[in-house]
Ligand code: UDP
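What follows is a single chain, given as structure tokens, in the form predicted alone.
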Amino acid sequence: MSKSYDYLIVGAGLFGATFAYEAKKRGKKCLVTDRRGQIGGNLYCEPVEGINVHAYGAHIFHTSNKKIWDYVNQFAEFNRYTNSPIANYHGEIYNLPFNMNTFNKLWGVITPEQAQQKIAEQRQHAGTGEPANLEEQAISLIGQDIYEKLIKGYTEKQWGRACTDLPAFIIKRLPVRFTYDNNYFNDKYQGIPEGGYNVIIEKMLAGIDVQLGVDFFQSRENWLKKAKKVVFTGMIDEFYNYQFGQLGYRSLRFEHEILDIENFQGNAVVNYTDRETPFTRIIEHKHFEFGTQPKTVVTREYPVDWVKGDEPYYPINDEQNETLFKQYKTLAQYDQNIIFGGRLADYKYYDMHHVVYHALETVAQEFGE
């Protein structure tokens, strides 16, 4: 049977769209499919009241790689948005990441030396040796006060378990600055595409066949007949019918609300770090693009346990899951006509610039460049 496409790309997210765009440039015919009814994967922005709502959670593009920055800028103009989230702990407001503004609000210290001395005192008082869990790791890095107010509750909500039951490596590198700088990222380039992320994905997939609202697994053999090779960006354990077992994930539930006011919280991202508040953060989308619309849209994020059929957002990269993933990865090496890529296929939480980088690397390897 003659294959009508060079590549079937399962998943219309950033990895799949980047690969499809590059393959088309090289004269290859691609078919892109997705379970959802729209392109873009988790980057999809839904227009509501003139606001680009990040339907699957906040996404801020940031990178120090000029090549990647220049690459994405060919598809859209990026604004000057800088990610400066704040933390709300029972109504007390603190700057994130932990910086001199945070330390001043918490302890009244003014100089970096005073802040460092305060943290050192708390570390010494805690007397933790080699950290055996996340709680001990956090206290050894930043002290008891910051751990209790800004880490403990948020982390326990995010992962659905006590910090004493979480491995230390999760927060090996907490962002801590002894400057009055509220910029969350250290990267050189940062921003939001004007008009939302749909602009980028639409341009990438222009002129490429796309079928939405279809499930690859419901007619797997028929889909495989359509192309010489498959680029699979979904869950690698699902691709192999969970034959070694299910990989672990955390999922999210989003609660969107339109408010008849111009400005709800004054910031795009506010984290709720106490344990009692059921959601981890509220996103006010208009602030990503400095919107002045008369209404606003907010989204509350609720972390939930993942079960089969839910959207998997965060891989649980503990020792057990990593061992399981290696079994699937080994199996994948024998499938010469299947290319795996993206956060689900690689079982790794990628930032967007990592996705683009790995997609371009995969293209170069595929075409011997």
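Only the largest set of C-alpha atoms that superpose within 1.5 Å between the two forms is called the rigid core. Numbering starts at 1 and runs along the sequence shown. Please read all numbers here as calculations on a predicted model, not as lab measurements.
Separately, the form predicted together with uridine-5'-diphosphate exists; it is not shown, and the next lines address it.
- The stretch in contact with uridine-5'-diphosphate in the model of the complex, judged by heavy atoms within 4.5 Å, is 267 to 275, chosen from 70 to 78, 267 to 275, 202 to 210, 110 to 118.
- Just one of 96, 227, 100, 282 comes within 4.5 Å of uridine-5'-diphosphate in the model of the complex, counting any heavy atom, and that one is 96.
- Checked against uridine-5'-diphosphate in the model of the complex, the residues 159, 178, 89, 249 give one hit for a heavy atom within 4.5 Å, which is 159.
- Contact annotation for residue 132: none of its heavy atoms lies within 4.5 Å of uridine-5'-diphosphate in the model of the complex.
- uridine-5'-diphosphate in the model of the complex comes within 4.5 Å of no heavy atom belonging to residue 259.
- Although the partner is absent here, residue 155 is a contact residue: one of its heavy atoms lies within 4.5 angstroms of uridine-5'-diphosphate in the model of the complex.
- In the model of the complex, uridine-5'-diphosphate sits beyond 4.5 Å of every heavy atom of residue 325.
- Residues are counted as partner-facing when one of their heavy atoms sits within 4.5 Å of uridine-5'-diphosphate in the model of the complex; in 304 to 326 only 314 qualifies.
- Relative to the superposed core, residue 134 shifts its CA atom by 2 Å or more between the shown form and the other one.
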